[in-house]
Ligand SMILES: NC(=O)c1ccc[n+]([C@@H]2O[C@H](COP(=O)([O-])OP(=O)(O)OC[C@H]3O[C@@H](n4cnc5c(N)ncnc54)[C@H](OP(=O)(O)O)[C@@H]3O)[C@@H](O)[C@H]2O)c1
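Below, in structure tokens: the form predicted alone, a single chain.
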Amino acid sequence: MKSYTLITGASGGTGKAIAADRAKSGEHLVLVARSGDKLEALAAELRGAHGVDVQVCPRDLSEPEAAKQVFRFCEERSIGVDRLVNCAGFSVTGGFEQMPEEELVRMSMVNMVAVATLTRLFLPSMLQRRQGVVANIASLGGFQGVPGMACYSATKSFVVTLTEALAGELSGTGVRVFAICPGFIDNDQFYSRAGHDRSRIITPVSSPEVVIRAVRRGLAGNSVLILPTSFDSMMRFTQRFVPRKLVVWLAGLFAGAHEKT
């Protein structure tokens, strides 16, 4: 049975960049995202460039049964997933009370429920083989609430703590889990979807390449939480010495996602 890397959110942005890097490393892929056309185009490109097998599974992970459908897709094709990269996620900025209820539910499903469900479904076979990796793309925003990005930062906090807990549970099993926690990444589609004016962001906006390098670090090492840049590490470290209320205020200021009325 061939070993595959399954990547969610693979049709664009960071997920697409990770898929290209993993294919370049010779890994066979399962690509998951809403846009079947974009996935097919990417799959054809990666097959041609790197000679790897690339399977396409178009699914909207905000749908309640989508994660189970992705798992069945792999089961039906006898695809062994040894590496799961939970990259799909989105944000909606602005006051929490103004967020449409359907957006709150969709964000919770994609950013949390799909991550937990896919991990839970693919873990047993990894444990049986005593090998496997789950890589979760979280956020620097997951270490504190971010005014103007309340729901998003809360969902990423979920990913961070889920990762930490699973890392403890899986110790000694041959299966590893880690989370990448970047600051803002250059992805116009993400900001457009969020309604986030990126010109208001005070902190550096990094290239997706920093996440790719962080994934490589995670695969090669034993870290559970990976801060991709020195700036990310500094921001996380200084939180230890700053009152929590100030940490949250600064996070909102740096993000520039909430305009007070």
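Values in this document were obtained by computation on a predicted structure and should not be read as measured data. Note that residue numbering begins at 1 and tracks the sequence as displayed.
A second form of this protein, the form predicted in complex with the ligand, is not displayed here; the remarks below concern that form.
In plain terms, the part of the chain that comes close to the ligand in the predicted bound form, with a heavy atom within 4.5 Å, is 135-143 out of 135-143, 73-81, 92-100, 171-179. For the residues Val110, Val160, Leu121, Ala150, the 4.5 Å heavy atom test against the ligand in the predicted bound form is passed only by Val110. This chain lacks the partner; the member of Ser35, Thr203, Ser223, Thr229 within 4.5 angstroms of the ligand in the predicted bound form by a non-hydrogen atom is Ser35. Taking non-hydrogen atoms only, Thr117 never approaches the ligand to within 4.5 angstroms in the predicted bound form. Using a 4.5 angstroms limit between non-hydrogen atoms, His28 is distant from the ligand in the predicted bound form. Within 4.5 Å of any heavy atom of the ligand in the predicted bound form lies no heavy atom of Ala154.
Taking non-hydrogen atoms only, Ala88 approaches the ligand to within 4.5 angstroms in the predicted bound form. If you take 9-24 and check each residue for a heavy atom within 4.5 Å of the ligand in the predicted bound form, you get Gly9, Ala10, Ser11, Gly12, Gly13, Thr14, Gly15, in sequence order.
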